[in-house]
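Shown below, as structure tokens, is a lone chain in the form predicted alone; questions about how it binds or moves come after it.
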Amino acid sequence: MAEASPQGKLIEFNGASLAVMTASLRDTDPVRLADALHMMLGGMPDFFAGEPAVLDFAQLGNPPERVDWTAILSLLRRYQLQPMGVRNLAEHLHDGARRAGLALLGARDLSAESPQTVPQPQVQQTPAPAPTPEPAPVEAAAPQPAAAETPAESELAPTLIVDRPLRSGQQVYAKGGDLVLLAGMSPGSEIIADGSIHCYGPLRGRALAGARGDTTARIFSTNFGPELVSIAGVYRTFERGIPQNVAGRGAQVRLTGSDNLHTLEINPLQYD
């Protein structure tokens, strides 16, 4: 069992179109990245199963003078991730990336979002003054209740619902919210959620909740039997088998303890 570490946030994975993973790097030091990946992925050497990836440096901050591309690419390939290009990379690092065999991509290349249209400026026209009508006697209207304020759409955490079983090698990432699996998952599949994970079928693969550090996230399963579970970087593997009190039964996984020391706790679900 490992403890959560802020290093687990140095790299973040997001899905994109064309089945290409985006790896957003906030650091280029191979040693710190290795620690972060080990904490995030539980040291599973074949976690990504050969998926292609684009390295995004938009959140890097101050870029270094040079990048050890050989060490970084070797590290990512150790987890079966295949880097194919970079974007948002400082210009003085372009030559090194090219020599490492990485394509230089624009901000829109391989983007899962549709192109943004630039709004046209609106010309405000001043209407001609209308004739003033004669005032008519009216009854005083009752004051209308103020409309309830609704939170902005961007503040609403979406829930991703998957109604088909996940096969070995498939991956699902619920960005910014919870993930609900209605039909379960097979060994060798992976699910990642920034919020909590709810699995109403067999939980057989790897489940990572609270991927952005949410220590209140939980994992719920009606048929517990995963290869790995993780919440906010605190993970546990089951090479020695699933605990008998939760094996094949309803269970929940959550973090307990203080902010400085979290413990991963797995308990049977109580239906009473």
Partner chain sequence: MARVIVVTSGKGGVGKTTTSASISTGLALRGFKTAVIDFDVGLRNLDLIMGCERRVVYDLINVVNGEANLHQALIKDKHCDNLFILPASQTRDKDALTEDGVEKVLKDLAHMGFDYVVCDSPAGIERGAVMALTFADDAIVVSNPEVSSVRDSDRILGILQSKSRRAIEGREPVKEHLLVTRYSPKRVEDGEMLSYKDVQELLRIPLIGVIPESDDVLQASNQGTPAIHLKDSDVAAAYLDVVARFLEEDRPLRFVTYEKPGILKRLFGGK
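Residue numbers count along the first chain shown, from 1. Quantities reported herein were computed from a predicted structural model and do not represent experimental measurements.
This protein has a second form, the form predicted in complex with the partner chain, left out of what is shown; the following refers to that one.
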| property | result |
| --- | --- |
| Complete contact of Gly176, Gly195 and Gly210 with the partner chain in the predicted complex (any heavy atom, 4.5 Å) | no |
| Close approach of Arg98 to the partner chain in the predicted complex, 4.5 Å, heavy atom | no |
| 4.5 Å heavy atom contact, Ala183 to the partner chain in the predicted complex | yes |
| Interface membership of Gly106, the partner chain in the predicted complex, 4.5 Å heavy atom rule | no |
| Contact flag, Gly85 vs the partner chain in the predicted complex, heavy atom cut 4.5 Å | no |
| In the predicted complex, segment of 26-34, 58-66, 233-241, 200-208 with a heavy atom within 4.5 Å of the partner chain | 200-208 |
